[in-house]
Each structure stands twice: as structure tokens, then as C-alpha cells.
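First, one chain by itself in C-alpha cells, the form predicted alone.
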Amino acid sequence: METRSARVRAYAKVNLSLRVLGRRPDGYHELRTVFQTIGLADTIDIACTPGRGLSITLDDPMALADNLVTRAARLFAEHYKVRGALTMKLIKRIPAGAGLGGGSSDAAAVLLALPALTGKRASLADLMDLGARLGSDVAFFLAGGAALGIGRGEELYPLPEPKPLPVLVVAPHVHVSTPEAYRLLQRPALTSLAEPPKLNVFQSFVWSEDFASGSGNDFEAAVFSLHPELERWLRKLERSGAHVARLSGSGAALFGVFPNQARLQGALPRFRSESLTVFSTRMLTRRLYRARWSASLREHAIEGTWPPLSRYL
């Protein structure tokens, strides 16, 4: 039987702004965040061979237990009654546990690729429903570009996009405990989700064409109290010419957005002596994000469709 295969990219994200309102009755925190995809990416090779039964194998050099790639493939296969062999190879480049969404993006990449490869018709709403079962950030990577995230971050609305400016990502060899970061925030319980606090500064940031003005990450003070070196590197990004520098998610990765590539290149040598992994990349608009996906699945998907629609329907 014919094997269909593709090599796809799972792109990282940064949080241009992240506000934490308070604890919800379900134990999660109510968020207001602006997600932005960037060019840093993992690579996943996926091959599908029709057959009886279902087998899913993953070549993962990191040997992560309960990898989201495998979980996403199994969830999709069971939901759409896929039969045969799904063989995948994951090449990690996005640092794990850094606030860049690598695991969630890997899961979304599998959900986006499998409909085209298996000949199943999957709507964006269906894929987002599956993604929500895997993690709060997965839904964002099914859309890409710039988006407003509310709730746990899984409720998404597209935003007008900033220019695809250069981004310098610095990933320290530091582990930030997300539960500990939330605990240090000491957010009170929300008395009513129907009337959560209104964040005027965040609201004005979302409407502004200058995303450098009014952005913020509520985790920074808490995380910097645990890891002061992170604040030192963030200030270094600012001094090196970034017109906005932020912690991404709850960290530990930091990013700086530069006005042009020349300024970013000038900043790079300042970080080479530090104990950091450094990535030079840029923002990906929604149009470019989806164009890259179309190129990856050109052989199997109808061009211009989103999510990518299989040619084998």
C-alpha cells in the first residue's frame, strides 16, 4: 500500500504580553495574552501507511515520556478512525520547558499534517477541540500569526499583525517551575468569571500599532526573584538595541524584538560568552505561517486551504 510522507515544521511562539488576572474555580488562572509565532522551529517527519489495526511509532532522541507528538497522533487516529502505521521522527530545536511552546507546537503540527496525509476531512473547529485536550497553547499553533488568548489561553481571536521584525531568543540553562511561578504571583481567587477585572493597559496595548508600548509579562517579577540572572539578560537585550524585551510565558527563555536585522546582528556578539543558547529569527505573520505549511504539504494538500485540505478526499 502507498506510503504518504511529509516533513513539517513546528514553529515556536513568544508572548508579546501576558497578564494573569486571578485563580478560577477550576484551579487554572484567567489569562490575557498576545501570542506571536516566530521562525524558530522543530522538525517532524511523518509517514502514513494504510493497513489493518493501528501502530504509532516515534523516533525521539530526547526520549520524552508521554510525548505530545505521540499523544496527538493517537488522539487524531482514534477520533477519525485511521488504520495503518504512523511513523514519526522528531528533531528538536526549540528548547523544552522554556516558555516557547515547543511541545504544544509539535502536537499542533501533527494535527495539521495528518488530515492531508490520511485523506480525512478535518475542520479547524474539530482540530481545536482535539488540541484543547492536549494543552492550552495547542489551539494557537493551529492558527498562527498574532492572536489574543483569553481564558487559559485556549480561547483565541486574531489580531492585526505587527511587522515581521527580527527577534533574538536567548534560552538560559535554567528551569523555571511554572506552578512555583504562579504561586509567587499570589493572585486572589476570581469571585466571578462573568466580570473579570478589566486591564486597561493591556486593552490599550492590543489596540495599539506600537506593540512595544504597554506590553508586559506578569511573571517577570516573580521569576526574576527566583532567578536574578534572567533579569540581567533581559536588561542586556534592552541595552543591546531591542525596543522590547520580555520573558516568554513563565520562562526561562527571553526574547528581544529589534527594529532591523543589522541591529540584531550587532547584538549577537554580546551574548556569545554567556551560558545561553541563542537563536536569531523573526516574527512569522499568519500569512507566512500558513504559506510555509502549504509548501510543506504541497504534494498532499490543496493549496490555499486552512487547515490544509487533503487531495485524497
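This one's a predicted model, so the numbers in the text were calculated from it and none came from an experiment. Throughout, we count residues from 1 along the sequence that is shown.
We do not show the form predicted in complex with a small molecule, though everything after this point is about it.
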Selected contact from P269, G51, P61, G27, since only one has a non-hydrogen atom within 4.5 angstroms of the small molecule in the predicted bound form: G27
Residue (of H79, R152, R93, H243) lying close to the small molecule in the predicted bound form, criterion heavy atoms within 4.5 Å: R152
L31: touches the small molecule in the predicted bound form, heavy atom cutoff 4.5 angstroms: yes
Contact label in the predicted bound form: Y182 to the small molecule, heavy atom within 4.5 Å: yes
4.5 angstroms heavy atom contact with the small molecule in the predicted bound form for G103: no
Any non-hydrogen atom of G135 within 4.5 angstroms of the small molecule in the predicted bound form: yes
Answer range among 172-180, 225-233, 110-118, 158-166 for contact with the small molecule, defined in the predicted bound form as heavy atoms within 4.5 Å: 172-180
